[in-house]
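Presented below, as structure tokens, is a lone chain in the form predicted on its own.
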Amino acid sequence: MTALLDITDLKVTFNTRYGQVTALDGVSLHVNAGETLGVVGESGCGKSITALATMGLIPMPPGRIAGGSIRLAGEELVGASPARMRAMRGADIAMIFQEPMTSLNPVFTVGDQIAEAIMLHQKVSADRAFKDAVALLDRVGIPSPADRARDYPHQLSGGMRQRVMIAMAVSCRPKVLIADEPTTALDVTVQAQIFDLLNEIQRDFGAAIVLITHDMGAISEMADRVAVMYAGRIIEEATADDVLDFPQHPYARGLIDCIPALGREEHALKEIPGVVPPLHLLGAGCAFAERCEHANDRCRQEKPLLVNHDHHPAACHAVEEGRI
């Protein structure tokens, strides 16, 4: 099957006060129509940069796509003109941003903001676009959609704002939908509703979904396949069941151990020591070495490659050598 979105060896750099740093170092991902790919990792691992690069939203300067390929339905996006990217955003690929209050315009009603995207890509009248916007608000489960369409973002709850973002993202039925932490700061019942809504939209529209999250619970709920990111690299990739049942990389194991479980003793809840290192301090070896109990001199000196092991690919010397 030909991937709908195919990212190959993507490298993104930024000019900083510390010099040029590499934010993405050879990232390769793909997602097929009707499939959900989960991209998981802590803040600072490169998940959102991957999404922004795919959308053509990396600020240049200080950022730069230094290498690699991003193909959407066979069309190369790296090097595409700004006009071409504007035409594709919303129509072919869309993104649900992490925080609706910083993504929605506070001085326009939510109905007008959805209608604007529809008018831009579908070339319909303002009246028709607003009616379609109301229908979309109804479609994503917002009560009294005709009234809510005339509300401003601050008049809506967090869950309703997130539904508005989803309505805007799917307004032109994009082929690929990128959801960047779509349930951040929402309570668990609203999170479940948002995931159900994304699943329903995927069934109806056949879209490919890239779900960016730090939550392995969300991965178990939504994803067909999982790519684990750390310090700008993919360090493990497989089906969701394989990663959750047979995690290879110590970092993936740590993320899974951080999931609270009913009936588990409080002292059994684990944490990953330390934090993701600043990009300008990355050395020649494995970026996870300083946080890993299995690290040795080779781990600190030689960067591991993403290669197949017993179950699926992982970038870890300890796994390769059978030490874990």
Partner chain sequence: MNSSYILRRVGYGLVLMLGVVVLNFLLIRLAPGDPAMVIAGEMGGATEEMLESIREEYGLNKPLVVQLGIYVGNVLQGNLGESFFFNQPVASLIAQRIGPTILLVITAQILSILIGVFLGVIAARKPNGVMSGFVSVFATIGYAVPVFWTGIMLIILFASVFPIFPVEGMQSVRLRGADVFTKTLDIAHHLILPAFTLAIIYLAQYARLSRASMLEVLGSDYIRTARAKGAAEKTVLFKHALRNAALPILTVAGLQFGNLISGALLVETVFNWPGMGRLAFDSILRRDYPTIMGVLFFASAMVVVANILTDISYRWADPRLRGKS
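The structure displayed is predicted, hence computed values, not measured ones. Numbering follows the first chain given and starts at 1.
The same protein also has a form predicted in complex with the partner chain, omitted here; what follows describes it.
Proximity to the partner chain in the predicted complex, taken as heavy atoms within 4.5 Å, picks out 165-173 from the listed stretches 165-173, 127-135, 230-238, 210-218.
Screening Leu198, Val226, Ala117, Leu72 for any heavy atom within 4.5 Å of the partner chain in the predicted complex leaves a single hit, Ala117. Checking His121, Arg139, Arg148, Arg253 for any heavy atom within 4.5 Å of the partner chain in the predicted complex turns up a single hit: His121. Interface membership of Leu104, defined by any non-hydrogen atom within 4.5 Å of the partner chain in the predicted complex, is confirmed. Taking the partner from elsewhere, Asp242 is found to have every heavy atom lying beyond 4.5 Å of the partner chain in the predicted complex. Using a 4.5 angstroms limit between non-hydrogen atoms, Gly90 touches the partner chain in the predicted complex.
Among residues of the shown chain, Tyr152 is one whose heavy atoms approach the partner chain to within 4.5 Å in the predicted complex.
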